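Presented as structure tokens, the chain that follows is alone, the form predicted on its own.
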Amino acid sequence: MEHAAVIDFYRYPPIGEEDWQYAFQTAKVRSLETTMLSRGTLVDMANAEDFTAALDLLGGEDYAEMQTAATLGDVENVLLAKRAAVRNLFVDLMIDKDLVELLRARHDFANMRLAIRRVVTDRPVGLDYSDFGSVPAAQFEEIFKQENYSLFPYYLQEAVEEGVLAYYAEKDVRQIDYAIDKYYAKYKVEKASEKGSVFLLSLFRTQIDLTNIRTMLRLKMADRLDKDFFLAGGYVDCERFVHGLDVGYEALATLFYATPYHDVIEGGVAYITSEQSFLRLERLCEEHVMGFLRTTRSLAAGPQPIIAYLIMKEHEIRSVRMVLTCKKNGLDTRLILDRLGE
């Protein structure tokens, strides 16, 4: 289903109506949200003297078990267990299992992208895939060995074909990522529309726009004019991103002034031109998504707060991993804060 690029909101798109089937589940995640780390805690961790001091700041929080972590390997094990627990809780709380499958698909497509890359470069398919997808990680290797792609769900069958054909057209592994991303963007927008999920449709279209912003700025940095890498289905027409490749950095904020992403563009471009880095752009894109997810707090009940909690908690876990990894490796505090946001 094609969507016209119409923006009829100022900053964040609509999130849909309440659903009182989820009254208990919403109350549960509201309680869990009170245990999430504040931005101040993460900033204090970034400013900590060293890795051990940063770990100490997690004491008494939802990450108390981290106090026994001595190495990055220990940290990773704790965080992986915590992420798995959050994902399992999400599945348990969701009544509409079709929405669970739609959220799981992001892992299926990420696994597919990795598997195809390995196959076309004659590397072992391996077993190190996300287990949160609809297809168990162990099945990827077996299916590719047998070349029996009919064992995949229909959307992955089509994704295999898209990815492989894209690679052999130019023998460029980057084409695999673009083909899979393009197909996934189309798939998730169509499925959200079919389900009538206003919230997920808004989330997915916003994610497509932010992906296109990243793509536009990375292409500009590399001085490339590949106009076919932009994803359809967002709120902003692909033509605007293509036009962004042709104008100077100083004109980009004006070009996107009438979109919800003016601040993302302006802040990201300023940092790119001064530091030759995408750190702040990545942070601003994440903050935009988190801001949208927080609008679900206006709902008394519904699947939206459950989905929002999953994504926000996953983001928190990634942030903790990022800060602790940087502290362990002695990365400059200013760079951590630029990525994290003060």
Partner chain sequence: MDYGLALAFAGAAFATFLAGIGSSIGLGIAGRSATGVLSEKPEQYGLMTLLVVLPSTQGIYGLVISLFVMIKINLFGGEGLAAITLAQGLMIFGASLPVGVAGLFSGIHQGKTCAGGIQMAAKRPEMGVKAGVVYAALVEFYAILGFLVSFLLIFIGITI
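Computed from a prediction, not measured in an experiment: that's the story for all the values here. Positions refer to the first chain, counted from 1.
Although not depicted, the form predicted together with the partner chain is the subject of the following passage.
Enquirer: Please name which of the stretches 27 to 35, 46 to 54, 271 to 279, 285 to 293 has residues with heavy atoms lying within 4.5 Å of the partner chain in the model of the complex.
Expert: Among the listed stretches, the partner-contacting one is 27 to 35.
Enquirer: Does Asn329 reach the partner chain in the model of the complex if we count a contact as any heavy atom within 4.5 Å?
Expert: Looking in the model of the complex, residue contacts with the partner chain do not include Asn329, since no heavy atom lies within 4.5 Å.
Enquirer: Using heavy atoms and a 4.5 Å limit, would one call Ile311 a contact residue for the partner chain in the model of the complex?
Expert: No, Ile311 sits far enough from the partner chain in the model of the complex that none of its heavy atoms falls within 4.5 Å.
Enquirer: Taking heavy atoms only, is Phe9 within 4.5 angstroms of the partner chain in the model of the complex?
Expert: So Phe9 does not count as contacting the partner chain.
Enquirer: Is there a heavy atom of Ile317 lying 4.5 Å or less from a heavy atom of the partner chain in the model of the complex?
Expert: Output for Ile317 is no: heavy atoms all beyond 4.5 Å of the partner chain.
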